[in-house]
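Only one chain comes next, encoded as structure tokens, the form predicted alone.
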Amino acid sequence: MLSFTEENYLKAVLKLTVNGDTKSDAGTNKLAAYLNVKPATATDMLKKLKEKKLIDYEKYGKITLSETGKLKAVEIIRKHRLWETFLFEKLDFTWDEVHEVAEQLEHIHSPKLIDKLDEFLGYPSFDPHGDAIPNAKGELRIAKQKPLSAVSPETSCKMIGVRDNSTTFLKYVTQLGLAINTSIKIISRQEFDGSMEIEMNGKTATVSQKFAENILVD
């Protein structure tokens, strides 16, 4: 059985190397920065994961998950996103509260419990943040998405997810009146700084380019 820390590393490697239909490289420094640990600490853990044949890794080289490691990482993400959905839909947690609690619940080792949870929720495809939930076979449905910043002025779209799951960002999104499936119309974009004027729910707001890059739309 893997430790909580080992599971967190596998999940982090998967998130850093697979983004939708695209793949990118992850090295020790990038992984350490993502997990907010020292590179030496990350190196020690990577050695342990390699000994367990969960990753392929050479010093100063890129990190890739083995087939076993990838299956384990997908399993952890499935549990995390199912717990987020349960907390949001059934226990009235807000979408900025669910992540921290799900971080604890995702380490429960009971396949039967997770399968029952999935069934209880009606086999959801996406969590409260719009992230795809892997099914019991480890299959992941990838939604066609792009950042709000890529949408042309005088065009309408629908919010389907967020890139930034931090509490501060999600609270700001909520304050603006945005949520999953909210329709958004782009009124204008400033060429100088990329800020955008948008309309949603009959209200208008001006948002920064950074904000628009973290809102995912269809």
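In this text, residue numbers run from 1 along the sequence as written. This one's a predicted model, so the numbers in the text were calculated from it and none came from an experiment.
Just so you know, the form predicted together with the DNA exists too; it's not on screen, but the next bit is about it.
Checking 26-34, 178-186, 159-167, 65-73 against the DNA in the predicted complex, the stretch whose residues place heavy atoms within 4.5 Å of it is 26-34. No member of the trio W83, W95 and P124 reaches the DNA in the predicted complex with any non-hydrogen atom inside 4.5 Å. None of D193, D44, E51, D56 but one reaches within 4.5 angstroms of the DNA in the predicted complex through a heavy atom, and that residue is D44.
The shortest heavy atom separation between A150 and the DNA in the predicted complex exceeds 4.5 Å.
In the predicted complex, the DNA sits within 4.5 Å of a heavy atom of K38.
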